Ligand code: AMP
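Given as structure tokens, the chain that follows is alone and in the form predicted alone.
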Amino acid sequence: MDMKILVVGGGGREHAIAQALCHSDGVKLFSVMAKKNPGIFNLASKTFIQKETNVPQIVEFAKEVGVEYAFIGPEAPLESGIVDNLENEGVACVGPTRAAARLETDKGFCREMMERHHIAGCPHYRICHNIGEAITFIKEYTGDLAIKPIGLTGGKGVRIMGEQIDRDGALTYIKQLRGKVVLEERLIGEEFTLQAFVDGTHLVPMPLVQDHKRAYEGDIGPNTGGMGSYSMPDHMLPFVTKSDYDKALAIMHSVVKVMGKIGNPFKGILYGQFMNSAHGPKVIEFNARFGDPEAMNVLSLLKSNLTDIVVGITDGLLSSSQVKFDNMATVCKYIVPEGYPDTPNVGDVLTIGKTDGALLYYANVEEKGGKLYTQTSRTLAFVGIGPNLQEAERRAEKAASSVKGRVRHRRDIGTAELLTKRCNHMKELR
């Protein structure tokens, strides 16, 4: 089919989206991003360098080039109402409206919606509307506590009292936030990600993925946007039972149904971040878009045409028959600048060696004079694909290790040792 489609965003996730769209014949790709992503730039017929939250300018660009569809990558433009404005101009969007995106952009709305409509998997929580209320609660609380800012934080805003910070550190953090926060029981278990294509009514799930937020090997250090992720050939994870999976999927279906019922139908990508606890899956959060890096795992396996899925989502006629994935394992490893995430080195040259067939997705990297330079965030991602996790990890690790420069990556992602640790942890809990 002939299709003009706009991809909004300039990270590794958006490069994966753009690459998947370009697998279809007749696609003419356009791009909006705050900084030039070399991978997306080389795929696009025209690129507009602009902040993804500058909605009026993006709408004008979309009208100028005559796009029919838009695929929104990051969460910030969703909060800024980009879908509402593009759809008012006749551009069909893969992404929820501003009201529906509150599933991600307003953690208080999400928790209250789950409680009000009796959706399973909601942890015990308290919404505090000011600093004083939060401080009083923390001083009186016994046990570990997750402190979550209400708004967007790029996946880096959550602090765990009892693990990352002590009570005094929690009080200091609350004062720094200067706004509403959600305070929740700390969930213990193993995290997993379930993403799904959603057309407002129908939901089609993707392979399960496990992300690795911590900066350093052994799951230590500060949270990041995600250092890498893996998926298995059967699209499950060995520490997630069929019953766990069914419960998580049922929660996702319930959320989609409720969002339609309250007048904010959800269209686009629904991302469920779950903690598989001793008592089954609990909802850590929902995101209103693909995960980064998880998008790179699942889109690298997609056998179907993403353009057909785009049409199914936007027309409200999505079917599971449109969505097929290869039965292969994937391992994604992110290259990051030295010092990331707290004090990343900027402007260092890096070179890529032999990648052994691993897929390369560009993220926050500058290309100048034929050379690549680090920026402030994650730089490049390599995805290894194989018939089993061991082979996928070998390919991803060889590619990641080929990069020379003042950069690093987590070598343990996708290894048998780390997976065994995850499985043993679940056995201890149950």
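Residues carry their position along the shown sequence, with the first being 1. Keep in mind the model is a prediction, meaning the values are calculated, not measured.
Keep in mind that the form predicted in complex with this ligand is missing from the display, and what follows is about it.
Peer 1: Report whether the minimum heavy atom distance between T314 and this ligand in the predicted complex is within 4.5 Å.
Peer 2: No, T314 stays farther than 4.5 Å from this ligand in the predicted complex.
Peer 1: Does at least one non-hydrogen atom of E184 fall within 4.5 angstroms of this ligand in the predicted complex?
Peer 2: Yes.
Peer 1: Can Q273 be called a contact residue for this ligand in the predicted complex at 4.5 Å between heavy atoms?
Peer 2: Heavy-atom contact with this ligand at 4.5 Å: present for Q273.
Peer 1: Would N223 count as a contact of this ligand in the predicted complex, using a 4.5 angstroms cut-off between non-hydrogen atoms?
Peer 2: Although this ligand is absent here, N223 would touch it in the predicted complex, with heavy atoms inside 4.5 Å.
Peer 1: Go through 78-86, 250-258, 157-165, 134-142 and give me the stretch that gets within 4.5 Å of this ligand in the predicted complex, heavy atoms only.
Peer 2: Only one stretch passes the 4.5 Å heavy-atom test: 157-165.
Peer 1: Only one of D308, E191, D326, E217 has a non-hydrogen atom within 4.5 angstroms of this ligand in the predicted complex; which is it?
Peer 2: Contact with this ligand in the predicted complex is made by E191 alone.
Peer 1: Consider the chain as shown here, without its partner, and state which of C110, A146, L177, L359 has a heavy atom within 4.5 Å of this ligand in the predicted complex.
Peer 2: Only one listed residue qualifies here, and that residue is A146.
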